[in-house]
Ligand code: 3PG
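For reference, the chain that follows is the form predicted alone, supplied as structure tokens.
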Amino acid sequence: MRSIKQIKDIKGKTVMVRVDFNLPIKGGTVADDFRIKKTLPTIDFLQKKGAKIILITHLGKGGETAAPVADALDKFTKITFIPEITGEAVIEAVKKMKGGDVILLENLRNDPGEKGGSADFAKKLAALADIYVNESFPVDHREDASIVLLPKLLPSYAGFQLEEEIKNLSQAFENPKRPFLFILGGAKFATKLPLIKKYLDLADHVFVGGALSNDFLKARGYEVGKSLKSDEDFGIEELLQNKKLIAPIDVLTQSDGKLINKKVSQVGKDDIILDVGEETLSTLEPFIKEAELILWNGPLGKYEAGGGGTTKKALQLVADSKAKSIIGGGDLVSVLSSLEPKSYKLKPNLFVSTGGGATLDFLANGTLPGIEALK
């Protein structure tokens, strides 16, 4: 896989950069520009080299316009939005470009060829540019046309953020530092089961929180009330035998309209578990302080329902620790951004991944379709 630093004679060339600006839109405005900021070094590098830059992205499931994304991006670098993906309007706009110019095309998923893996659609995109750059790690686990077909039609390179994602996330499974603590939260047990199994082997300790821990509590015979849980049997009983596993010993529940901290043995049939408890955090704290490497994906509680307190406190402990820390998952990153800036922005050994499902897949498999397409 080649880096954009290896591109020769960029000046005057048209570079198509596949970004992931699949951003939350509220009231016609981008609510979180984290992923935009992470692509700016690549865009800036290409501009300074005199390249003509075409940015392509998807947004939602299709049908939405990328115009709000263009407005958000324009705050950082001057761009032109073209409300088309292919066709004469796009061709003419590209012809008029000068070195350093940036245009953003319309939402790729507005054309069925993107999700459909259309070779014809990929060829139309490729005809617009001389070089392809992948800067779309969060969607590199998909086999969309712009991810796996387009890089086969043009000289292809990895952007700076994609390189950073691979470099940092690989530290979790390539000779990881020890003690190695893996913290896993969120929901979707079926999706995260491969990670639990893999890192029970690789890590020194694995803490499971969030809705995932409800399944463990249920398997141990505890009542979980009306809490979010899986209906399937994933063979959790076998995992419970692993001494590396750390499970909650108390939880924050919604009981009779109140938030109450309870021992796991005290949860009632009408309770809803929203977060892990204070005693659990105290149990986890020494593992955080002793760790040399911390990998954390997914929040420990349902923060939008009042269950984000422990996640925030645990993140603070991680931010203050000496460990190399890797944080991933959109919900968890949202909680992280609410901390005092000094807690994490100035910590050189903390890496925040831009990916969600892609981060999980990469940690589980060591590669992604979008990465393989660059080789």
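Numbers for residues come from their place in the sequence shown, where the first is 1. Here the structure is a predicted model, which is why all the values come from computation and not from measurement.
Same protein, other form: the form predicted in complex with this ligand, not shown, and the subject of what follows.
Among K48, K313, K26, K61, the residue placing a heavy atom within 4.5 Å of this ligand in the predicted complex is K61. Of the residues G277, G113, P138, G186, just one reaches this ligand in the predicted complex with a heavy atom at 4.5 Å or closer; this is P138. Taking the partner from the other structure, this ligand in the predicted complex has no heavy atom within 4.5 Å of any heavy atom of K302. By the criterion of a heavy atom within 4.5 Å, K38 is excluded from the residues contacting this ligand in the predicted complex. Remark: T14 does not count among the residues lining this ligand in the predicted complex, judged by a heavy atom distance of 4.5 Å or less. Shown alone, this chain has one stretch from 303 to 311, 38 to 46, 53 to 61, 316 to 324 that lies within 4.5 Å of this ligand in the predicted complex by heavy atoms: 53 to 61. Taking this ligand as it sits in the predicted complex, the stretch 1 to 28 comes within 4.5 angstroms of it through a non-hydrogen atom at D20, N22.
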